[in-house]
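What follows is a single chain, given as structure tokens, in the form predicted on its own.
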Amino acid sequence: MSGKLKVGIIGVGGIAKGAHIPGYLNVSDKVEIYALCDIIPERAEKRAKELGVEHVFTDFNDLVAMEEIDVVSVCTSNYAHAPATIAALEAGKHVICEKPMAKTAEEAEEMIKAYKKSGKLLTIGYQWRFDPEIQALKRHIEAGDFGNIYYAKAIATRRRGVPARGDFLNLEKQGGGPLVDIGTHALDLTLYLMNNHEPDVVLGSSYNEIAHKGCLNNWGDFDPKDYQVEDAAFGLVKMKNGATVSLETSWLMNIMEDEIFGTEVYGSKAGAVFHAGKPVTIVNEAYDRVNVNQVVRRNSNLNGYQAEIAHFIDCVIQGKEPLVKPEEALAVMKIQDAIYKSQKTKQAIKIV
């Protein structure tokens, strides 16, 4: 492939400004941000002026119709992930879509159909997989150091951390609250480390016990009348191979720490705890004693978003499969949907 890849970005709000745009600028020797699209014209024009981009649209169909574009970033609210991604794939573009994959698992399945038909690459924005500590942990697991991983915990909890902006509180546009915002990251990390994307049965609960009353919030003020999603959600997942995964996630919860994000995995030979911002440890039994080994090996200057974008661009250039596969993101979507369905039906949900 000769010349720079041309990139189109659909949705130029917070995640585009803070993650995708810097990610592409970091590999400016390989790509050119060629076109922008946003349903708010003023925002699109402002971002285009900042970047010196000539092509600006308010309809993503116009952007993906441009023959020059090779790669598309979908950075919209969740409700537009599927239609924008499918349109881009059908137009022959490679796509990186922000998490969660879609608003529903059914929409995610339609994305996979379009991806398989297109012959192009599709990946989902689970940038935490690129964290050096996670990659170090993954190497230990793949080396067999953990034996059979039969239990894991996905944790993404905030004490007072509602993202009081944009569409985050809108159920129709987002499909949910902390579960689809931050819980999805912890769940993806957990399944990735386990190398297990085959859920069988899910029992879940979600709650709005704090937000509806109004409260102080570290992430800006919000009107309880506008709060349409859960403030906490929990799930217990039985995998098809018998392993068990538990999930805890919240924007609002009366916990001791302001925020906990990470995953814990436990196997027949060893266990490990990854909580962001703290040392990663592996615990193993040897000669009737427990050894705790710090495995932090931070040797990259790239943040997760930059590493994610750089990796995807290399995959496009070299024709490689991305680290985050769409089928794996679909498994996360199925679990999320099942947690909400379990809350409504008060029953465990069988994944099909």
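Each residue number is its position in the shown sequence, starting from 1. Nothing here was measured: the structure is a model prediction, and the numbers come from that model.
The next section is about a form of this same protein that is not shown, the form predicted in complex with a small molecule.
Trainee: Gly175, Pro178, Gly125, Pro199: which sits within 4.5 Å of the small molecule in the predicted bound form by any heavy atom?
Mentor: After the contact test, the surviving option is Gly125.
Trainee: With the cut-off set at 4.5 Å between non-hydrogen atoms, does Lys117 touch the small molecule in the predicted bound form?
Mentor: Result no; Lys117 lies far from the small molecule in the predicted bound form.
Trainee: Do Cys75 and the small molecule come within 4.5 Å of each other in the predicted bound form, heavy atoms counted?
Mentor: Judged by the heavy-atom cut-off of 4.5 Å, Cys75 is in contact with the small molecule in the predicted bound form.
Trainee: Is it the case that Asp70, even though its partner is missing from this view, gets within 4.5 Å of the small molecule in the predicted bound form, heavy atoms only?
Mentor: Result no; Asp70 lies far from the small molecule in the predicted bound form.
Trainee: Look up in the predicted bound form whether Ile15 has a non-hydrogen atom within 4.5 angstroms of the small molecule, and give yes or no.
Mentor: Answer yes; at least one heavy atom of Ile15 falls within 4.5 Å of the small molecule in the predicted bound form.
Trainee: Any chance all of His81, Pro100 and Phe168 sit within 4.5 Å of the small molecule in the predicted bound form, going by non-hydrogen atoms?
Mentor: The answer is yes; His81, Pro100 and Phe168 each reach the small molecule.
Trainee: Can you tell me which of 21-29, 5-13, 339-347, 326-334 lies within 4.5 Å of the small molecule in the predicted bound form, counting heavy atoms only?
Mentor: Checking each option against the 4.5 Å cut-off leaves 5-13.
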